[in-house]
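Okay, here we've got a single chain as structure tokens, the form predicted alone, with questions on binding and movement later.
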Amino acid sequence: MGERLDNCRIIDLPKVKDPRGNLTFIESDRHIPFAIERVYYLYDVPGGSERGGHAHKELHQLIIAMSGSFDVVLDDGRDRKRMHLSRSYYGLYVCPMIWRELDNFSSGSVCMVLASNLYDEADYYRDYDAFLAARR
């Protein structure tokens, strides 16, 4: 049936404070529960647009608001919750078999995603009904 929504959580990332500017770092299998194989980021998202709208069969992700803010709606086929991301030292861990939608992007926002695997179209559920059927 897959993971439950309760497995998704905010991870408080290390923050090194310095009057010259703060620094946050992320180490595979230490700060996050997977090894990082791919990094990508979303930017210049037009107002009112949505991203995501899919689930992954095997992929683990950490979603971070590097700049600005946005919301992530998580859905395990039974429950839904909306998470607001607005700090670069918090990451939202999303486990496999969770439907996700990103919306409410502020102007100039940048969303960075750390992923456990390289891109693989076969790992996606892009149809919500197919996702629900797989959850059953």
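Quantities reported herein were computed from a predicted structural model and do not represent experimental measurements. Residues carry their position along the shown sequence, with the first being 1.
One more form of this protein, predicted in complex with ligand TYD, exists but is not displayed; see below.
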4.5 Å heavy atom contact, Y124 and ligand TYD in the predicted complex: yes
With the partner left out here, check for me: in the predicted complex, does some heavy atom of F25 sit within 4.5 Å of ligand TYD? no
If we define contact as a non-hydrogen atom of the residue within 4.5 angstroms of the partner, is K57 a contact of ligand TYD in the predicted complex? no
Hey, in the predicted complex, is R38 touching ligand TYD, heavy atoms inside 4.5 Å? yes
Stretch from 27-35, 40-48, 70-78, 85-93 whose residues place a heavy atom within 4.5 Å of ligand TYD in the predicted complex: 40-48
